[in-house]
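The chain below stands alone and is given in structure tokens; this is the form predicted on its own.
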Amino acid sequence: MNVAVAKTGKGRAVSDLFTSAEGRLPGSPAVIAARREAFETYERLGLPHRRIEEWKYTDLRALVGEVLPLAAAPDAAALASAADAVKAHAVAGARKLVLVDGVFAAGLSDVKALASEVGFKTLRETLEKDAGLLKTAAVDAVISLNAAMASDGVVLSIADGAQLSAPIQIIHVATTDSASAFTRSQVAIGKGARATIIESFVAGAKAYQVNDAVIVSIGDDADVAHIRLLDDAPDAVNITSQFVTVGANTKVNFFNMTSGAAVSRLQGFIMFAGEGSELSINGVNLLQKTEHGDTTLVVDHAVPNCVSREIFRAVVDDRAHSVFQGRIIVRPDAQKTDGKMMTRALLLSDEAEADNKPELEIFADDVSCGHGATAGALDDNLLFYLKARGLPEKQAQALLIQAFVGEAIEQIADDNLREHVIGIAERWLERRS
């Protein structure tokens, strides 16, 4: 029996988007073939919906009204607008690599300053010779769509033993309303290297869509901090997929803060590939109005003697919706695994919603693993204590909220970067007030 898959209006819109954009997308004939294969995978799967377990809380068919056309290459006006956004969101002392509407902007980036320490290419340059960057092991509709549509990104190579003198900040700026950007980047960090990578999403427009993918490989004996800051426009949609492979005897500190976008999802797939490594994952969702923020993490302990810690905080106001899904997998040979996960949600209104779904999949015997999840309102006794000493209610709430998210933010070792993140949280509290 022949079965035909009926496309919805949204499905047809994405098909039309790929057809119209295919001629503008970079790549050799092998890359074009890989794009078409990826898009066929997407068409077979369709937009994720609530009947897919990993997407049950973030139904893109319901949350995303339409698929927007691919943004045009930025013109002079777009670059000028992006320059203002970069100036407002750049981390002090960091070396910038800027993508405007999904296209690398050399004039806004610190390429020369990076050249002495880091190998750098754009995705567009890399795809002229190799289709490898479009391939991942994960089978997922938005990941496949990203592979089909990726227009640009950055490809970084940090040599063995390199000790970067400054953080690298990849800044994504959207300047075009009613358009979409698809970016894909790769960061390869060598043995014994020390580096801080920041990825920032900022708004120069009002309503747009972003589909980003980042592939990170970390060598043995490295020390790496990876910070992601999402401060997109209130009407934006942002879906980011991260794939991280961690070598032996390596320390990785990952932090994510979401404080914008109508719909956002960070899905991270992190695998231990070498023994003796330590992973610290910390995150904060600051959501208000009708914002929807989803953090979905899979930590795969594929080898023995590794440690992972996950601390996640969500502050949810008005009718916003926060989602945390965390899964720790311990493979049969991964003895002496130590994995812990804790998520807490602070609900500031009766209509705020938080879904916390921690999971453990353990196939080894000699392990120490655990998880916990809580959700609740601000402590009335603490509020009364602060108000009794003359603080207005909003200010008292702000102090308690800062203390609540502080445990996650304090894990950022770099002083300038930590102050930058605290500033983002303070601005969110000011908007709420």
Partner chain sequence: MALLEVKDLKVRVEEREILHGLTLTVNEGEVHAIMGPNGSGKSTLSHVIAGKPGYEVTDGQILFKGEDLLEMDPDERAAKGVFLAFQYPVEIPGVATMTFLRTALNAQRKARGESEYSTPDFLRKVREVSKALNIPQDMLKRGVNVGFSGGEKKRNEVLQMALFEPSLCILDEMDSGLDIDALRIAADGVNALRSPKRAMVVITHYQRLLNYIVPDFVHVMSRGRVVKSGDKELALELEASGYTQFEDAA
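Numbering follows the first chain given and starts at 1. If you're wondering where the values come from, they're calculated on a predicted model, not measured in any experiment.
The same protein also has a form predicted in complex with the partner chain, omitted here; what follows describes it.
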Checked K387, R36, R50, R44 for heavy atoms within 4.5 Å of the partner chain in the predicted bound form; positive is K387
Among the candidate residues L378, L399, A364, A30, which is the single one with a non-hydrogen atom no more than 4.5 Å from the partner chain in the predicted bound form? L399
Of the candidate stretches 52 to 60, 364 to 372, 66 to 74, 390 to 398, the one with residues having heavy atoms within 4.5 Å of the partner chain in the predicted bound form is 390 to 398
Which of the residues spanning 83 to 113 lie within 4.5 Å of the partner chain in the predicted bound form, based on heavy atoms? none
